[in-house]
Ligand code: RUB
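Below sits a lone chain in C-alpha cells, taken as the form predicted alone.
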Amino acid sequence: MSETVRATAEKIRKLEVQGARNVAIAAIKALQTLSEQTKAKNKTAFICELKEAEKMLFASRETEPLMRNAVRWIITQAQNSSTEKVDDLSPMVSSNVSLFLQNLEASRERTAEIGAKRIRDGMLVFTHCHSSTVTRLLAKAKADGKNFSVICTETRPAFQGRITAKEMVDLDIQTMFIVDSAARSYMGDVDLVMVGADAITSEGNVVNKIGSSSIAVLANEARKPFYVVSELLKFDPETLNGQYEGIEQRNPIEVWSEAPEKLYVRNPAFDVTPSRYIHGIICEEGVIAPQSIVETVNRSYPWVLKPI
C-alpha cells in the first residue's frame, strides 16, 4: 500500500484535512500518487491496489459521500477501460483526477453564482461551522458589490467557525462571532441562514456539523429561511437502499481533555437536519427542494445512482 494513501487516510482521520471538498480532493490525489508509483504488473493487480486504497480511505471518515463518490468514479473509469496495460491505466487515473477536480471547481463556482443572488444589500447572514462552498458564495456576493454582514458560530469542539470568521474578515465582510449556544439570541435579527453539507440523503435530509439541526429548528421558529449550500455529489447513494447515513463519533478528548475519570463524554461530529426545516438546497443545478434531490442527481450525475 502506498505510504501516501496511508498518510492521507491518517490526516483525514485526525481532522488535519477538514471539509468535505478538501477530504475528497486529498483522497483522489492520493489515488493519483498511488497510480504513478505503482509496481503492479497487470490490470488486475493495479485495480486491486486501487481497491485496497479505497477501503483505507473510506475507513478514515464515516460521513464523507463526496469522497466516496469521487474515489468510486476514479476507480470505475479504470475498471471499465478497455486497456489492460498498466502504463496506460496510470496516466488515465491522473487524467481523470484532473477532470474530476475541474468539474468539482466548476460546480462550486456555479453554486456560488446561484446562491449569491439570494444575498441582498443590508442582509444579515447566519452561518455555522466552515464550508468552503458557503464562503465562496459569500465572497461572490461581496465581489458583486453586495453590502451585507455575517454571524458565525465558534462551532465547538474543534472551532471550525474560527476559519469562517477569519475568511470573512479577510474579505472585509462585517462579521460577528458568537458561541454556539447564543444562536437563539441572534436568530431573530438575521435574514437567512446558510450552512454547508457533509451528506445529503435520499429523503432530502442533510447531515452537517453538529449543531446544524438545532440552528435549523431555531430558524424555523423565527421564520427565517434555512438554506443548505452544497454540490450535488454530496448525495449519498447508499441511503437509497435503506442505509442510514453514518454519524461519526469522535474522540471525547476533543470535548474535554481532562474530564473526570468516570464521566461519560459523547462527541458526535454531525447531526441530521430533516428536510422539512430546509427552505432549499442551493447547488449547481439551482435552488431545489430537498425532496427533489434524487431526481436532480439522476439528471446531473446518473452514475451516482448505479448499484454499488
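Every value quoted in this text rests on a predicted model; they were computed, and no experiment measured them. Each residue number is its position in the shown sequence, starting from 1.
Heads up, the form predicted together with the named molecule isn't pictured, but that's what we're talking about next.
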| query | finding |
| --- | --- |
| Partner contact for A197 in the model of the complex: the named molecule, 4.5 angstroms, heavy atom | yes |
| Interface membership of A20, the named molecule in the model of the complex, 4.5 Å heavy atom rule | yes |
| Proximity of L15 to the named molecule in the model of the complex, heavy atoms at 4.5 Å | yes |
| 4.5 Å heavy atom contact, Q160 and the named molecule in the model of the complex | yes |
| Partner-proximal stretch of 206-214, 85-93, 110-118, 179-187 relative to the named molecule in the model of the complex, 4.5 angstroms, heavy atom | 206-214 |
| Contact test, all of R6, K11 and N69, partner the named molecule in the model of the complex, heavy atom 4.5 Å | no |
| The named molecule: the contacting residue among Q79, N220, N147, S132 in the model of the complex [heavy atom, 4.5 Å] | S132 |
| Within 4.5 Å of the named molecule in the model of the complex: residues from 48-82 (heavy atom criterion) | R61 |
